[in-house]
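Coming up is one lone chain in structure tokens, specifically the form predicted on its own.
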Amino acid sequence: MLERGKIDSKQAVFLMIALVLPTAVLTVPSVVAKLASQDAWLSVIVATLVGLLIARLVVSLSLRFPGKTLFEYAEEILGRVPGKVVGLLYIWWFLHTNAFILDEFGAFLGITILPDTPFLVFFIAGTFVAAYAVRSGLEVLVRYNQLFLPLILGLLCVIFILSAKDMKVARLLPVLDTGLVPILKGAAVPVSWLGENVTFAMIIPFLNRPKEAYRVAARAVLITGFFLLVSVLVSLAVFGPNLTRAWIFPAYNAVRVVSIANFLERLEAAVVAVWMLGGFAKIGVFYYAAVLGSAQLLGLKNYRPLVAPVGVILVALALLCENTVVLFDFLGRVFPPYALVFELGIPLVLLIVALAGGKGGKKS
């Protein structure tokens, strides 16, 4: 096996949360409010329910093939050549999605605190830190995430609480005024982010208790959905739907207006810290999935020689994004249907073919 590290269920939950939350918590409110207005919070609830279904699908498929990653059981289900084609598609998706994560990483830092710094500097820094963790192995990546994610979640809780004095419930009303269709359209964006947990298919073989994978996936989606819901509610209650959709990072701007007795203020530095610590972990997970999958596809005995070349490709892909406007237009309009092909479409086809052909063991 290329990876000999093992992780426990708690570490796996943290890792799955890190797959989605660091970037989504700041960008989801704006993107969803553009479609569902003050009902954006209902879109997040719908998205969380769909995210639970996607997570169950991924886990059900993985548990039919114990000890095997997505790349390995795709070949067993479809045959060698079609399976490798699916593997190539997923390598592309892991890299492409990670490139957009790097673009978000650079956009946030460039817009908020370092406007004169070229994005290339952020891309190289983020990739370098992630590459070091990936090269060190899954256990190192997981331990880094386990160290910082509780801090990140704690900071978010404190920030949301401190924003309470600026909130007005009236800004969330009237409920269901936009109708059902805008709410469902708004749900597509957070669904595509929550669906990134399909990457868990690369991690399940390394759980020390694989049978707990259902519980791990459900907890991670629910916790992530909760924080996304609170982020949307805070943004709407502080700014209202019109300003929320106008901001690029409304949750960040909500923190900027916090002022307690003219003493506790300027807390946006905490948000930047959350973004950077969580961003490194998220980049690392997708980076790890791409490197491990590439090594399995090529039949290598060690994935570490691929870390550097994959990092170069990742930075090059991130540089292809023209500007921040193009980035967020893609994330809000194009990314949901594109991502759902990999998050829902292909796993569903693989599971149907496996069940029809009687391939894999019984569902655990």
Partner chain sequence: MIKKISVLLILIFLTGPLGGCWDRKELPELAIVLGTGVDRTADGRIRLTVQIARPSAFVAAGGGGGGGGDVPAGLVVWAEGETIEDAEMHLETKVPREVYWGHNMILVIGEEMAREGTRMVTNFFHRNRQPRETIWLMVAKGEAKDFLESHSALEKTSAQAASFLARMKLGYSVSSREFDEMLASKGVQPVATRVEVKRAGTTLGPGREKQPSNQKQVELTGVAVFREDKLIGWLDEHETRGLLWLKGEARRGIIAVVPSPGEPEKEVSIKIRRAKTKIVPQYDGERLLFNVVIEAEGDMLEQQSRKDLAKPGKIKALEGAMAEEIQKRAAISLKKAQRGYGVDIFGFGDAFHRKYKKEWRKLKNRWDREFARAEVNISVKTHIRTTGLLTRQPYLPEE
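Numbering follows the first chain given and starts at 1. Model, not experiment: these values are computed from the prediction.
One more form of this protein, predicted together with the partner chain, exists but is not displayed; see below.
- Stretch 108 to 116 is the contacting one of 88 to 96, 213 to 221, 108 to 116, 281 to 289, since its residues have non-hydrogen atoms within 4.5 Å of the partner chain in the predicted bound form.
- Using a 4.5 angstroms threshold between heavy atoms, R256 counts as touching the partner chain in the predicted bound form.
- Of the heavy atoms in L78, none are within 4.5 Å of the partner chain in the predicted bound form.
- Among residues of the shown chain, F160 is not one whose heavy atoms approach the partner chain to within 4.5 Å in the predicted bound form.
- Although the partner is absent here, W247 lies within 4.5 Å of the partner chain in the predicted bound form, judged by heavy atoms.
- This chain is displayed alone, yet in the predicted bound form one of V272, L243, L207, L155 has a heavy atom within 4.5 Å of the partner chain; that residue is L243.
- Of the residues given (Q296, S30, Q38, T69), Q38 alone sits with a heavy atom within 4.5 Å of the partner chain in the predicted bound form.
- The partner is not shown here, but in the predicted bound form the stretch 171 to 193 reaches within 4.5 angstroms of the partner chain through a heavy atom at R171, L173, P174, V175, L176, D177, T178.
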